[in-house]
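The chain below stands alone and is given as structure tokens, in the form predicted on its own.
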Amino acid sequence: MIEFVLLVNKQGQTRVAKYTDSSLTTDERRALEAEIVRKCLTRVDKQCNIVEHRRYKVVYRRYASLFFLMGIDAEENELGTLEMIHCMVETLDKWFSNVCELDIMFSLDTTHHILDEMIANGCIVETNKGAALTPVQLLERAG
């Protein structure tokens, strides 16, 4: 199960945070984010993209100036999660035409809609880029 998704810049500032674990308070989430981000950003490129932290396995990948991090439980497949991160980036790239940190910051609602179409209740529900973007396109037309 996917417990959380974080999009973080190189300075360690969280740009998007999506949690499916409702047992964490806001302060606990903030502390968890700080610990995980510090741990992942200090690793060198030659190290593995999977880190264990508390009860989570954190799978992360860097794309340009953004880090995409997913916290998963012990049953989830790490390589499948890495592929899901890549699929999320490709989907965001398709929507924003070469996504960057500013796109995400200025279109936070759209970014959350896209992530919500791909991940629901901690499960991957859509990996098809077109199918994930169709509801977002409909919302854009209606708005």
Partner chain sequence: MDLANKVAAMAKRTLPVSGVFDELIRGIGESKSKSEEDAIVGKLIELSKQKIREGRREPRSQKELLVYLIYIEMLGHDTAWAQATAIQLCSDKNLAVKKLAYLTVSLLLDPASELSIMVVATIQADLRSDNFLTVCTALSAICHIASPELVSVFLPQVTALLRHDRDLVKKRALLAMQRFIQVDPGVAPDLERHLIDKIGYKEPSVMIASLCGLRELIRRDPAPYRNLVHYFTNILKQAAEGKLGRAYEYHRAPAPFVQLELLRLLGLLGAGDRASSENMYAVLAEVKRRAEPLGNNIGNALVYECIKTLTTIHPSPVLVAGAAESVSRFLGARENNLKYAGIDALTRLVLIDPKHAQDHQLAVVDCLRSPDVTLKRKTLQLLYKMAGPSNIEVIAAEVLVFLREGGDEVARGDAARSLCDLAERYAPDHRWFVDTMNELFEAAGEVVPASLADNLTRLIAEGTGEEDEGADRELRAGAVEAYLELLDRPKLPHVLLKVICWVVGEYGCLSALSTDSVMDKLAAIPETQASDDEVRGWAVSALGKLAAQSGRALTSDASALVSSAAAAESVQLQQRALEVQALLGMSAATQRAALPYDAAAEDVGVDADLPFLDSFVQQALQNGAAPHLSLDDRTAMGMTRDDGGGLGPLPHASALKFQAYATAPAPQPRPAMPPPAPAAAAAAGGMDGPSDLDVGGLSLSQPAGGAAAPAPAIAAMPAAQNSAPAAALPSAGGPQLILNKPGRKWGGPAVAAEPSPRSGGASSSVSSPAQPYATSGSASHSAAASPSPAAAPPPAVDAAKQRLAASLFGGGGSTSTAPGLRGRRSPAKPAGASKPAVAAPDLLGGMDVSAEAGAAAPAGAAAPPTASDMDLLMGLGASVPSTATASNTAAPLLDPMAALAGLGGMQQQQRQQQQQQQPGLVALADLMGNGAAVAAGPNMQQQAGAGLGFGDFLADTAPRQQPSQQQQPAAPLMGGPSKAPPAAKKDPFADLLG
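A quick note: this is a predicted structure, and the numbers were derived from the prediction, not measured. Positions refer to the first chain, counted from 1.
The discussion below concerns the form predicted together with the partner chain, not included here.
Contact label in the predicted complex: Met84 to the partner chain, heavy atom within 4.5 Å: Flag for Met84 set to yes.
Touches the partner chain in the predicted complex: Val99 (any heavy atom, 4.5 Å): Val99: yes, in contact with the partner chain in the predicted complex.
Within 4.5 Å of the partner chain in the predicted complex: residues from 111 to 128 (heavy atom criterion): Residues within 4.5 Å: His112, His113, Asp116, Glu117, Ala120, Asn121, Cys123, Ile124, Val125, Glu126, Thr127, Asn128.
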